[in-house]
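One chain is shown next in structure tokens, namely the form predicted alone.
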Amino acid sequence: MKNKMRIFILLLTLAIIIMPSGCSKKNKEITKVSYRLKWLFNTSVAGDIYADVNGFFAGEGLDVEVKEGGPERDAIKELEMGHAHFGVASADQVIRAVSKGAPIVVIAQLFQINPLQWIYRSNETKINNVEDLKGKIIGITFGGNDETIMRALLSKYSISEDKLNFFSVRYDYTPFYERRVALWPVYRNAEGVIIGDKLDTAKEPVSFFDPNNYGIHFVANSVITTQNMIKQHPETVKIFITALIKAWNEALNPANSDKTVEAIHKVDKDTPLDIIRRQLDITRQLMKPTDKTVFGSIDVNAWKETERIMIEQKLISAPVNIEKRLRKEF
């Protein structure tokens, strides 16, 4: 009996010695990943579309499912639930999520200038400085980024909100077309082009009021993933973001405009080619405002300002130290 016990203990010891250790074994990198965008397929996601259709991911050994976003989609929630590996979200979404404990990190910033601006008829409304907003009827989406940005602007320049009038914005542009509202919030590189065209055709020239010109640097869309994804699959993260940035740089290169416009039009057939082309030109200016701009670079100070604005407006209850979630090494 003693001999049998010794043999059993010996075999058990050998099994433990040769058993792969979960603590020491390196996690296997993954090649099939899911990427959830923030919005629908259009010019704002030109580089994402370009990367997909031109094999940038496949060329790096990745099988990436690029999934369209929209009002019913939430990239952050999908990341938390494990339904996506990468996603796109605006800075305010990221900061709100982090304040609630979400393990989200930012690995690239898409827009260097926020595309949210206000369109107005330049022959009827004169806006040369922030003071000129006084007495105007200004459209805002209550609960939206535009409300946050406008209130931050007024606060920065010590303009009381009773000096102007806010108009609740919906998806219907009729109030603006009928001149019931002087300034209407638009994404400069999307509906800004379309609405501007309609008014130009009606001999009503337009201009755009850009809060960025007055010191309000509120970060827009960025590429995100989770802390666990970086910890468990760092090489996959590196390969993915490298391929994506390479694709965006090529898509935004003026020399490749025709190729980029064609790729966008395949998934956005309702938008005419000439509109897509002009949307792309504006998108390029917002993402690479100068020749020295490095696409995807993270503006830490702008992120800190975005957090500060959200604290001041009580959109979050306490600081989240967002700079700790900005992974510039990627």
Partner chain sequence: MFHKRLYQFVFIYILGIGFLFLIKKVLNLSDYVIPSPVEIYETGRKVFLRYIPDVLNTLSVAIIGHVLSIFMATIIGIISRLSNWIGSFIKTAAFNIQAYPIVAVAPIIFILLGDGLSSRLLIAAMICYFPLLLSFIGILSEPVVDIEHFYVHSGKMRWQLEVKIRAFENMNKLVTVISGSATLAMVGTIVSEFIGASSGIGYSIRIALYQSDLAKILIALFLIGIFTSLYLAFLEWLGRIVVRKWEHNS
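The structure displayed is predicted, hence computed values, not measured ones. Residue numbers count along the first chain shown, from 1.
The following text describes the form predicted together with its partner chain, which does not appear among the structures shown.
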property	result
In the predicted complex, the one of I216, L133, V181, V169 near its partner chain [non-hydrogen atom within 4.5 angstroms]	V169
Listed residue (Q109, Q117, Q93, T236) with a non-hydrogen atom within 4.5 angstroms of its partner chain in the predicted complex	Q93
Three-residue site M81, A97 and G144 fully in contact with its partner chain in the predicted complex at 4.5 Å by heavy atom	yes
Stretch in contact, per heavy atom within 4.5 angstroms of its partner chain in the predicted complex, of 225 to 233, 73 to 81, 201 to 209, 188 to 196	73 to 81
Its partner chain contact in the predicted complex: P254, any heavy atom under 4.5 Å	no
I127 within 4.5 Å of its partner chain in the predicted complex, heavy atoms	no
Interface membership of T174, its partner chain in the predicted complex, 4.5 Å heavy atom rule	yes
In the predicted complex, A102 touching its partner chain (heavy atom, 4.5 Å)	yes
